[in-house]
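The chain below stands alone, shown as structure tokens; this is the form predicted on its own.
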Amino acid sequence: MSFTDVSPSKPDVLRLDNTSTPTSATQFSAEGRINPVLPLIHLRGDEFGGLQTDTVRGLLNPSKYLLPKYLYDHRGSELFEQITALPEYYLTRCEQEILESSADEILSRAEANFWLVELGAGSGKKTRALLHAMRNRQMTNQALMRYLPIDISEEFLYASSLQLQEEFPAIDMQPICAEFLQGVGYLTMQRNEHYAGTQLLIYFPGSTIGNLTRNEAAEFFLKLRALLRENDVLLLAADMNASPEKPISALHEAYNDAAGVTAAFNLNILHRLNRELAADFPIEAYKHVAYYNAGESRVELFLESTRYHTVSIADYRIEIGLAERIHTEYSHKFNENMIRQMASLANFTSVASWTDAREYFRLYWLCAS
């Protein structure tokens, strides 16, 4: 069943403000099972204020930019799911290939009691292989295992979680609408206070780590490690750099598909700003630009203006020049030394990794040490 086939009822949403504590809002029962009505924990704060502040700051910068997290409203999440099915977009197929062939082996490394926490859960398409492996373990093991997806797109998160709960009713699930580290912080407090013998397995799929700059990625590793305890695990998905086996053309085509879905995904952020901030971007005056920067080992995405115009947003009037570009996203690529060095600097140890047949993509088991 595709996402568009899902018509969930309105979720039971628990919203926590900045003064709330995780323990006062727990949805776990005394028996250690999550409430079967699948309540959604909402940890995000003033989303409108954040969007407006970040957008104005980015557009007033000499090198204009928009934060990539704002690409993922409900429509953006739908478009990204379409991207993952495109013939040019190899990343999802490679990661799914790895999981379908190795999920049982991957989870065999986990402790008896563990929570699978997914950052940027999306539709859960790839996650099904891990959930099948969890269900296989449950048949012979009465240990505590849970699936806890974290995403910033509330409606999309709830719909996909509800569908997964229906497919895997024996696995406890609870969706959490939050920024990644915010959600992990919430869960580590729950674990440490109530389920001390439980290991956290943080699954960071899709090479989303590549959307961060190198410095941001290193900072993310350090902040994540500070939330975890020894023997917790980061299962990190990383897209490999161009190589003799992986031509630059494959990278270029993955972000410039013939059907134009990636272009629609990129342009959707302007639709969102017009709708949510009452901005007046002329969408027809922009085109999608994406290219591989070999010197930085990354694909760079922009929205390029095809004519001079001004944009009203909040109390600002911002000039956009002919051929001026607004940066929207990076997709950094990696090699094994990059991953191991970044992990080591944050006190993670690279214990194992798995790759696809073409060695385009890799999953790393990074243990908190």
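Numbers for residues come from their place in the sequence shown, where the first is 1. Since the model is a prediction, treat every value here as computed from it, not as a measurement.
If you look for the form predicted in complex with a small molecule, you will not find it shown, but the lines that follow are about it.
Peer 1: When the small molecule is placed as it is in the predicted bound form, are P39, Y147 and F168 each within 4.5 Å of it, taking any non-hydrogen atom of the residue?
Peer 2: Verified in the predicted bound form; spot residues all out of contact, no.
Peer 1: Okay, which stretch from 190 to 198, 155 to 163, 132 to 140, 207 to 215 lines the small molecule in the predicted bound form, with non-hydrogen atoms inside 4.5 Å?
Peer 2: Residues of 207 to 215 come within 4.5 Å of the partner.
Peer 1: Residue-level question: is T55 within 4.5 Å of the small molecule in the predicted bound form, judged on heavy atoms?
Peer 2: No - in the predicted bound form, heavy atoms of T55 and the small molecule never come within 4.5 Å of each other.
Peer 1: Answer yes if any heavy atom of T262 is within 4.5 Å of a heavy atom of the small molecule in the predicted bound form; otherwise answer no.
Peer 2: Within the cut-off, so yes.
Peer 1: May I ask you to state whether F220 is within 4.5 Å of the small molecule in the predicted bound form, using heavy atom distances?
Peer 2: No.
Peer 1: Even though the partner isn't displayed, in the predicted bound form is Y291 close enough to the small molecule, meaning a heavy atom within 4.5 Å?
Peer 2: Taking the distances in the predicted bound form, the answer for Y291 is no, it never comes within 4.5 Å of the small molecule.
Peer 1: Answer with one of L301, I320, M342, L43: the residue that has a non-hydrogen atom within 4.5 Å of the small molecule in the predicted bound form.
Peer 2: Of the listed residues, the single hit is L301.
Peer 1: With the small molecule left out of view, which of Y203, Y255, F281, F114 would have a heavy atom within 4.5 Å of it in the predicted bound form?
Peer 2: By the 4.5 Å heavy-atom cutoff, the listed residue in contact is Y255.
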